[in-house]
Every structure is written in C-alpha cells, then in structure tokens.
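A lone chain, given as structure tokens: the form predicted alone.
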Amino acid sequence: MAEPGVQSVERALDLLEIMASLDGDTGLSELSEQSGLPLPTIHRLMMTLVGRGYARRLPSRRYALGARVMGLGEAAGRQLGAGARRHLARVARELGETANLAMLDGEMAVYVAQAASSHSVRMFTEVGRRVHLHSTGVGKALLGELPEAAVRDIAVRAGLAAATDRTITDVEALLAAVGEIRERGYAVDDGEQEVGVRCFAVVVPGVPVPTALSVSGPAARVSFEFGERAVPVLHEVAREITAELSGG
C-alpha cells in the first residue's frame, strides 16, 4: 500500500503536469477546470510556483512553465541516460549494433544515451540531438504511446518533412503506421531518417516521461531477420531499465 502523500505537493505537481500537457500558456480558469480545484487554491499554488521559478506569469496574466522545470527535465534526462548506459552496452554487445535511448521532448525526441557498435561502419547519433518523431524508430515508438489526437496534433504542428524518399509525409499514413506499432509492440525505421539505415525500437514501459530504446545500423546488417532476434532483447532490456528506475 502506497504511503499517503502531501496534498499541497500533489496539487502543485498536478498543476505542472496540466500545464505541460496543454503545451502552451494557460489561465487559472483552465487549470481549475482541468484539476477540479477551486480558483483561490490554484492562485496560491501558482504564486508559489512562480516564486520558485517553476512557472511564469505572463503579461496576459496567463501562466507557462518556468525555466527551473526545464532544468529539472535536462537533469532527469542526463541521470536517466547515465543509469541506462550499462543496459545499452548489453544491447550493443549482444546484438553487435549501436543502441540508443531517447525521450519525448515536446514535438521531438531527444537522445539521452548511446552505446556504440564495435563495427568500423556504424551509426553515430550524438547524445542531446533532437529528431522528428515521424521519421525515426524511437520517434514512432514514442508516438505509439500517445492518443491518436495527440499524434495528429504533433503531425500538424511539427510537420512531416521528408528526410528520405521513404519518410512518411501523410498524416493518415502516419496514424495507420502508429496503429500497427501499437499492435506489434515495436517500431521500425526502414531508411526513413537516413538512406541505408534501419532501426528497431521499443518503448521503456512505466516511466514518467515517454522513453524509447533502439538498435540501429546499416540495413545490410540490420535486416528484418535481425529484427526478429533484436526485438525480444530490446523488450527485455527495456523492462530492466524500468525495474531499475522504480527500485525493483
């Protein structure tokens, strides 16, 4: 049985999560509608959050997330990446190709950790690089965790730019692909981000920020037969990462 929490802390965190989910500025009435809290309570909590830098009060008298939230997110990403490195090393060792860990970052994915393949010809993705969701294995795996409305919204706002002639550039086609990803439990980037490169990716289950684990390399080595062997390893390692993060 979970220990009881501190109500004021839980409410403040709820407000931060609501602001994050709205992906823009918001007013007190919207926060009240979303949280079910009375306006005076929300006003007091928001003043505290503004005072500590976790929220900003705009000239329009609306509110947005503050810089300290961004700092926490960056620190969380670095810590997650550091904690996951040995798991990524296992993927790279067992499968012989480059392993990556990426987190959802607004309308993009950001790589937070990597373990490189031992091959001389291999994939290098810099930690900290942000990539589009529709054209990458990690990105499409992350989209599979979101409601259809959210996927459509991201596609419209971020656009579906073609990185190669294989990139999905149609919203309905993307929604269909994401539906298939949900059913089979993994995503594939088949030369959609970079010509001649293939990637298999799965989500890391049960973590606060949507996170995906992938293995990628030249398509000549990373075949679909390779994927049949790789996906179970990715799922197992993803569960191990979850267990470590939860203290299990």
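Throughout, we count residues from 1 along the sequence that is shown. Source: prediction; values computed, not measured. In this text, rigid core is short for the largest set of C-alphas that superpose within 1.5 Å between two forms.
What comes next is about the form predicted together with the DNA, which is not displayed.
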Practice task
Sort through 184-192, 199-207, 213-221, 56-64 and report the only stretch with a non-hydrogen atom within 4.5 Å of the DNA in the model of the complex.
Solution key: 56-64
Practice task
Would you check, heavy atoms only and a 4.5 Å threshold, whether Ala243 touches the DNA in the model of the complex?
Solution key: no
Practice task
Examine Gly51 and determine whether its closest non-hydrogen atom to the DNA in the model of the complex is within 4.5 angstroms.
Solution key: no
Practice task
Although the DNA is absent from this view, report whether Gly27 comes within 4.5 Å of it in the model of the complex, heavy atoms only.
Solution key: yes
Exercise for the section: Classify Gln34 as contacting or not contacting the DNA in the model of the complex by the rule of any non-hydrogen atom within 4.5 angstroms, answering yes or no. Expected result: no
Handout entry: Partner contacts for 26-42, taking the DNA in the model of the complex and a 4.5 Å heavy atom cut-off
Key = Gly27, Leu28, Ser29, Pro38, Leu39, Pro40, Thr41
Exercise for the section: Once the core is aligned, please say if the CA of Arg61 is shifted by at least 2 angstroms between the shown form and the other one. Expected result: yes
Problem - Threshold 2 Å Cα movement between the shown form and the other one at Gly196, rigid core reference - result: no
Problem - Rigid core superposed: Leu15 CA moves 2 Å or more between the shown form and the other one - result: yes
